[in-house]
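In structure tokens, one chain follows: the form predicted on its own.
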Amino acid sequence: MDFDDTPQEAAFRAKARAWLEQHAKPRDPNAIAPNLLGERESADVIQKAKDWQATKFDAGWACLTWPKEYGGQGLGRLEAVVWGQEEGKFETPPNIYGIGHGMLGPTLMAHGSEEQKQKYIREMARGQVVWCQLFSEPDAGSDLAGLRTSAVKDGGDWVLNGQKIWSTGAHFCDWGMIVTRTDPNAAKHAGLTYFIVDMHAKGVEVRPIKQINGGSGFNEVFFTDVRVPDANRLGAVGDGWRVAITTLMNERVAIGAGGGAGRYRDLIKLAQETRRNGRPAIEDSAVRQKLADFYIQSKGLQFTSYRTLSALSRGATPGPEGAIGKAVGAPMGQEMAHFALELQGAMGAVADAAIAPQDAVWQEMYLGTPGLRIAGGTDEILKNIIAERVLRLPPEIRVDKDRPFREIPTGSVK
């Protein structure tokens, strides 16, 4: 595999950089990656993110891989990667569109009617509305197919009742995609249906969850007699699991190796700036050995992501590489953060950006990465996927797979 730009990619990179230089301020390459804790949820930051997305869209730099008829540019994955690499070198607002553009847009394009695509995808690409994913439930745990939020047909509408949890960004989103149970008499994977839901509709209540790292990016979302038009159904009745799988496959690619690989340079800098036994910590052989371990893991994740990109550039569906990237990347991020706090000594216990080294990014990361190990599939779920779909090991025994959902015991008291 040749990792250098082709002449066409080099020309595209130069064009992207020229536009960015006219519209954004270059990022200091030696600066620590920003700690965005709390800022991502503020109205001011969200509006700046919307303004930046609209500027990119109007100039033809938004959702590059999406079809032109829906507001994209019809380009390949590699051009999108090149754009992302160049945009990352400039100071831009935080990306609040990871779920919409990375997971829900591709799901809508794969399973939506032409009317739904025309109605939603272009405005999704321009970013003036933000989308969230409504999958997890308190009673389902890691078994998404065990969800209990119901949708009952009533004339031309469906009436939704139930609760979702860990819904990222739901408190500032306009639309959501939700999986519901429409047939409790069917087997649990067969009785599901997928909908687009208006987050401002009557009966939708969003409650932000205060997290251990001080942020409130996740939410509980309650649905009480929420009416959703049948026109907002995505896919056939009872086909929600197949639609949801499309979302999940794209989710694991989008989250991928986001655990800690991107902060390796900051960890090196921290080891250079902190001292151990009166000398820079980076001169300690044990520290250097640990940094080497992280470097090897980072490179493994990088080359695994290249395999994903190669497959996607050929038009293939995201494969198990996304699960591998997340299964390795998320624990690695937590381990890197733990190591960084050890390097800081007593200051590692201070989660105050004003006085802690590197704006307390490692304290935030240490407290936040356990959530990343759950989001988009727990470590155990991902290992099951790798075992069954990559290593071809015998599947886990699932005694409830073909049983009517209403007959499956639950530990909850209703």
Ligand SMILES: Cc1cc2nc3c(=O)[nH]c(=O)nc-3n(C[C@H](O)[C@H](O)[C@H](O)COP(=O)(O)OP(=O)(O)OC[C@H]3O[C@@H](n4cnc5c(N)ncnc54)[C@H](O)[C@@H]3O)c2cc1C
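Computed from a predicted model, the values in this text were never measured in an experiment. Throughout, we count residues from 1 along the sequence that is shown.
Separately, the form predicted in complex with the named molecule exists; it is not shown, and the next lines address it.
Residue contact check for Gly371: one or more of its heavy atoms lie within 4.5 Å of the named molecule in the model of the complex. Heavy atoms of Ile381 reach within 4.5 Å of the named molecule in the model of the complex, making it an interface residue. For Ile165, a non-hydrogen atom is located within 4.5 Å of the named molecule in the model of the complex, even though that partner is not displayed. Taking non-hydrogen atoms only, Gln133 approaches the named molecule to within 4.5 angstroms in the model of the complex. Of the residues Gln302, Gln272, Ser310, Ser142, just one reaches the named molecule in the model of the complex with a heavy atom at 4.5 Å or closer; this is Ser142. Listed residues Phe294, Trp175, Tyr97, Phe218 were compared with the named molecule in the model of the complex; Phe218 is the one with a heavy atom within 4.5 Å. Residues with any non-hydrogen atom within 4.5 angstroms of the named molecule in the model of the complex fall in just one of 81-89, 264-272, 226-234, 134-142: 134-142. Applying a 4.5 Å heavy atom cutoff to the named molecule in the model of the complex picks out Gly371, Ile374, Ala375, Gly376, Gly377 from 354-377, in order along the sequence.
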